[in-house]
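Let's start with one chain on its own, the form predicted on its own, as structure tokens.
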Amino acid sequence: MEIRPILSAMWRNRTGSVLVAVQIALTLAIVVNCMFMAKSRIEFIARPSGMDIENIITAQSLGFGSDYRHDETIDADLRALRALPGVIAVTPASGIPMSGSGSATGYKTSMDEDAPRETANYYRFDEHAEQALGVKIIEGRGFTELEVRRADDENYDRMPPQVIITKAYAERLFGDEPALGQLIYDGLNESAEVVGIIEHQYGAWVHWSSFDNVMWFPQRQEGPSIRYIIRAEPGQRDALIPVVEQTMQELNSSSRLVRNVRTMEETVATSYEGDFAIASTLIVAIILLFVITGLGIVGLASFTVRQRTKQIGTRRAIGARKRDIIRYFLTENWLMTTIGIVIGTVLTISLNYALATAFEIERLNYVYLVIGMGMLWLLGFVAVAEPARRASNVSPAVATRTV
């Protein structure tokens, strides 16, 4: 089959062909960039946190009244919670990682006033933090019970002598030098020794560029509020939530409130809520664009079949087979789709460049452009298949009628 007669026929009926080609071009440009951005958001949400999030419960205790005793309440809570069947470990915490709420400050590696500082998100935990979070300390050790300062300790407001930091933070502070055993200084030039290095853990703010800059202090959070991180055995988390809440309520309901007993998955999902909404919107936009483009192709092909009924009948009368008619319409659609894809490729790259420049997003991976092309070619084939089949069923007798 020659391409020239098909192109000639498309040119004579160019309005519909041009509109569909432009629609295909715009669809390619938008869909490919939406696919790439949606994939980036999904990967962003799915980043490994370094923690056993699926099995963690968090809870908050808020003391009130003159008879509230902060450390005594924590001691009672920890004894009771750690004794519950199905609980692996519990630690009091100053904050919940990946919650969007936390504390951070800058630290340096020397007492020099002009020494550069690297900001870290810091948490106050006790000696059970490693097990409670499910993280892995790859160098050094965790805290000991004797190192954990209580709120009534006279040195509570000073830099603790020991800290644990993430590997990522260690590399940003010390570069290629070993961090274990090194000293870190705060703004008052008080120092702490790095006694342990965590393989990987995320901090509070999911959109912070230094999300994995995390530091642990061996301290209990000052009252009257305290949070608990409770790690359950696999499969026990959901059953433990009401038990944890009831246990804490029974220990002290007269001078404290127990609230926000929930899974850590819920907390993390809330932090990623905006990203999930963006990814979902992009996916819906991709689906709608494909549907609309497919309908456009079907509409044009159906119109063409009706418009060329006599021509098709004539071809059948002079010997064209059904498969020749089907091949004609498939080839015509392929040409129209290809023209749209060529234009769309330029638009896709231009749009991605504009987005990357304006919003500092990642540049397009051209694998997605190839995938988009393949999807549009397949869409064109599927969309025109039924109109082409109807065209092949036109009787040769139609050629003798007046249309």
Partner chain sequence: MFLYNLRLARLSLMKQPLLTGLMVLAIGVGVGACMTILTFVYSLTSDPIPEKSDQLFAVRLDSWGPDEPYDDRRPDEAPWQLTHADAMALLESPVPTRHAAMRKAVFTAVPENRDVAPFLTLSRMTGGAFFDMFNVPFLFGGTWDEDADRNAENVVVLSKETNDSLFGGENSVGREARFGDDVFRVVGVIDEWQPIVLYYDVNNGPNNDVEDVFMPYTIGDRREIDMSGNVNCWKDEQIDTYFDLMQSECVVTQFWAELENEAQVAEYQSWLDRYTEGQKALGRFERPTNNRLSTVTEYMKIREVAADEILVVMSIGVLFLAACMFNTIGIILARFIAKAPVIGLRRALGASKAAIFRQHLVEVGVVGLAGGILGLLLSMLGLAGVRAMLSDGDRAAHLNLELVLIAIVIAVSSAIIAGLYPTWRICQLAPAGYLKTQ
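Just so it is clear, the structure is predicted and the values come from calculations on it, not from any experiment. Positions refer to the first chain, counted from 1.
Absent from the display: the form predicted together with its partner chain. The rest refers to it.
Peer 1: Would residue 353 count as touching its partner chain in the model of the complex under a 4.5 Å heavy atom rule?
Peer 2: Judged by the heavy-atom cut-off of 4.5 Å, residue 353 is well away from its partner chain in the model of the complex.
Peer 1: Within a 4.5 Å heavy atom cut-off, is residue 252 in contact with its partner chain in the model of the complex?
Peer 2: Taking the distances in the model of the complex, the answer for residue 252 is no, it never comes within 4.5 Å of its partner chain.
Peer 1: Does any part of residue 37 reach within 4.5 Å of its partner chain in the model of the complex? Heavy atoms only, please.
Peer 2: Residue 37: yes, in contact with its partner chain in the model of the complex.
Peer 1: Answer yes if any heavy atom of residue 307 is within 4.5 Å of a heavy atom of its partner chain in the model of the complex; otherwise answer no.
Peer 2: Although its partner chain is absent here, residue 307 would touch it in the model of the complex, with heavy atoms inside 4.5 Å.
Peer 1: With its partner chain left out here, work out from 81-89, 278-286, 163-171, 136-144 which stretch has heavy atoms within 4.5 Å of it in the model of the complex.
Peer 2: Answer to the contact question: 278-286.
Peer 1: If you check 183, 257, 76, 241 against its partner chain in the model of the complex, which one has a heavy atom within 4.5 Å?
Peer 2: Exactly one residue meets the criterion: 257.
Peer 1: Only one of 150, 262, 158, 200 has a non-hydrogen atom within 4.5 angstroms of its partner chain in the model of the complex; which is it?
Peer 2: That would be 158.
Peer 1: At 4.5 Å, heavy atom to heavy atom, what parts of 272-303 sit next to its partner chain in the model of the complex? List them in sequence order, or say none.
Peer 2: Residues within 4.5 Å: 273, 274, 276, 277, 278, 280, 281, 285, 288, 289, 292, 293, 295, 296, 299, 300, 303.
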